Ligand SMILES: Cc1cc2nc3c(=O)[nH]c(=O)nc-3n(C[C@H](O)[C@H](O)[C@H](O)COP(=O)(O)OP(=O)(O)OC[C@H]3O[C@@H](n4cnc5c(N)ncnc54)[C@H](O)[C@@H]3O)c2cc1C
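Just one chain is shown here, as structure tokens, and it is the form predicted alone.
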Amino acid sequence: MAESRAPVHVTGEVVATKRIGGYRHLTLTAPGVPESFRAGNFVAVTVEGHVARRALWVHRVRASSAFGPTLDVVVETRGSGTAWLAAQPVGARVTITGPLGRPFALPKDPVSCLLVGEGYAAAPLFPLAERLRERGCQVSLLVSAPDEAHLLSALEARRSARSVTVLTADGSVGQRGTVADHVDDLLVRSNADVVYAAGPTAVIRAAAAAAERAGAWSQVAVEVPTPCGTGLCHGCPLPVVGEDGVDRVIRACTEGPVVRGDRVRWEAM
């Protein structure tokens, strides 16, 4: 599994903020974080009035801009912490730790890859698609959401992959249905050797199961609450089967969030 570099703890700045559908997209400066980022890493942001930090997937990294290297994150308001973060204006200072966690491992040779993501949690698949294309891999992308407002970057997806499938549960855009309804067919059509997935547990479990049925290798970015993001609090247990076949619990924020799909003990999630 790929390793990320040592994280840094820095004060960054909000340099752009934009509402797109059901999400708030923030562009942040965070000296040292974009330079060390690998697809699948996340960052933890300190939230005013809260002990636990908010873990955010990195959607895009820009190596150069008018503000120097920046990173984009996607925020869905779910409580007071994310509401505070989404409300931060341009110029606001924020405390950021990152990059955190194990990123996606990249194939050594050009292979066919299927990327499966739902909602804002599909964010890490976009920088992953760029890295895979740089390595000569054929990339197919499936992006899904309950409805159009929560579909992440469908237009950008078409620039990131050879083929794109858009699903919404209510049929408001793209095909109607869920990942579980379509992923087996997409695996056959893409002839994928590797499946990468990010999203709610039901989505990544369906992708991992489809990969196993097809004889493909899978990696999933698991999303569980990560109060500290650095492994100190042990507050993000992830049940897995070790390489030795023994059941164990790892910390999602350090030994994850990216793990092999066939190693997750899904029934214990």
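Just so it is clear, the structure is predicted and the values come from calculations on it, not from any experiment. We number the residues from 1 along the sequence you see.
Quick note: we don't show the form predicted in complex with the named molecule, though the next part is all about it.
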* Arg53: touches the named molecule in the predicted bound form, heavy atom cutoff 4.5 angstroms -> yes
* Are any of the heavy atoms in Gly215 no more than 4.5 Å from a heavy atom of the named molecule in the predicted bound form? -> no
* the named molecule contact at Phe126 in the predicted bound form, heavy atom, 4.5 Å -> no
* To do: Report yes if any heavy atom of Val241 sits within 4.5 Å of a heavy atom of the named molecule in the predicted bound form; otherwise report no.
  => no
* Region of this chain that lies against the named molecule in the predicted bound form, out of 205-213, 61-69, 26-34, 220-228 [heavy atom, 4.5 Å] -> 220-228
* Just one of Arg159, Arg189, Arg176, Arg78 has a heavy atom within 4.5 angstroms of the named molecule in the predicted bound form, so which one? -> Arg78
* Have a look at Ser172, Ser163, Thr82, Ser112 for me and say which one sits with a heavy atom within 4.5 Å of the named molecule in the predicted bound form. => Thr82
* Stretch 105-139: residues contacting the named molecule in the predicted bound form, 4.5 Å heavy atom cut-off -> Tyr120
